[in-house]
Ligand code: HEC
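One chain is shown next in structure tokens, namely the form predicted on its own.
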Amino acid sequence: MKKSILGILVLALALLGCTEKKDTAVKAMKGDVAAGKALAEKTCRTCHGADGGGVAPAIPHLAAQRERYLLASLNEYKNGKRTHAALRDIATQMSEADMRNVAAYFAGLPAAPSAAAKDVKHTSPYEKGKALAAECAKCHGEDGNAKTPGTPTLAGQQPHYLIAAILEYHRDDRKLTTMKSIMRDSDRLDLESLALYFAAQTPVQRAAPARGDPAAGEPLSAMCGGCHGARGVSIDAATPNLAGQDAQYLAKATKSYRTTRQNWGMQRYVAGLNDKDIDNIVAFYASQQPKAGDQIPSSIQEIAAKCNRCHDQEDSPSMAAPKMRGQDKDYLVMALRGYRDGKRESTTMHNMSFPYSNAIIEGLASWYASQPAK
């Protein structure tokens, strides 16, 4: 009995010793806030301020940011996964303990007041696109569903294609004086916003074509289907949808590749078709049920809701996702473009942001910058 009691006591002491060692190891992993403050005031204050708020546009706020994210970021600068000459030099001179200390210091500060949250007027690209679409409504309809024969439907059209088409009119690659004059002073973000608005609208069926045989056109459309989809609904944001499009417009557009429109593949294919073939192909596509090729988000908040699944959650052991609310807008734009363009290493972020145009990124960054920091 005495041996049993002695054995239990020894085991308990051993377990207690293990627990104390584990607690000591955990404490050792935690940063020293006082040491972090001293180092931050020496190396970080010039850009990130005494309160952890960026002192100029495109410099991120670090105050109240997640500690694990700050530590992961410093390591990425140190390892060259993020490109910033000054930060890489600073991080290279830090030990692991230094980085933990600095991360702990900034994470423990109260959220810095964001000038962007007060000064940035949030404008969704969808709202901006709708306002710009007023210029197009008299021909293409308020929602992009044109009713005039010969005028194309824009609703549900692929956004990158719409941008490319407008630019072709502006460059005079496509000959139409009216289109060239409309939005001639618009910048790229305006065009993207307009394209997003029309792409998010629901297309409706146009009138049945007066010429051509859809049944005869279907086999002739086999080559077209490689880019435009078997039934005229494209899966490529830069390739237009043809399903349910106005027949007169399709016929004119197709024949223009014989003369003025520039596209090597289209020019070669159309060169082998006669007018009757084109009328039949057009009749086939015009008789198909139109639908948008991609599910276009209807608002920036809809996109933000997806981002919040990671960025609004408490710190996760499997992912070091930063807080975004109240962050500097210009920094968010720069970071999101970096992930989209592959300049920052993150497969998840690259896949999420790859479809986003500059207009969406601007709108998303503006929305987060206008939110109160947590």
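One rule holds for the numbers: they count along the sequence shown, beginning at 1. Worth saying up front: this structure is predicted, and the values here are computed from it rather than measured.
Below: the form predicted together with heme C (HEC), not depicted.
- Between heme C (HEC) and the residues 200, 233, 166, 107, the one pair within 4.5 Å by heavy atoms in the predicted complex involves 166.
- The single contact residue among 48, 37, 325, 340, judged by any heavy atom lying within 4.5 Å of heme C (HEC) in the predicted complex, is 48.
- Proximity of residue 87 to heme C (HEC) in the predicted complex: non-hydrogen atoms within 4.5 Å are present.
- With a 4.5 Å cutoff on heavy atoms, residue 30 does not count as touching heme C (HEC) in the predicted complex; it lies far away.
- The closest heavy atom approach of residue 63 to heme C (HEC) in the predicted complex falls outside 4.5 Å.
- Residue contact with heme C (HEC) in the predicted complex: residue 218 places no heavy atom within 4.5 Å of it.
- Contact here is defined as any heavy atom lying within 4.5 Å of heme C (HEC) in the predicted complex, and by that definition not a single one of 147, 210 and 292 is a contact residue.
- Contacts to heme C (HEC) in the predicted complex (heavy atom within 4.5 Å) from stretch 205-229: 223, 224, 227, 228.
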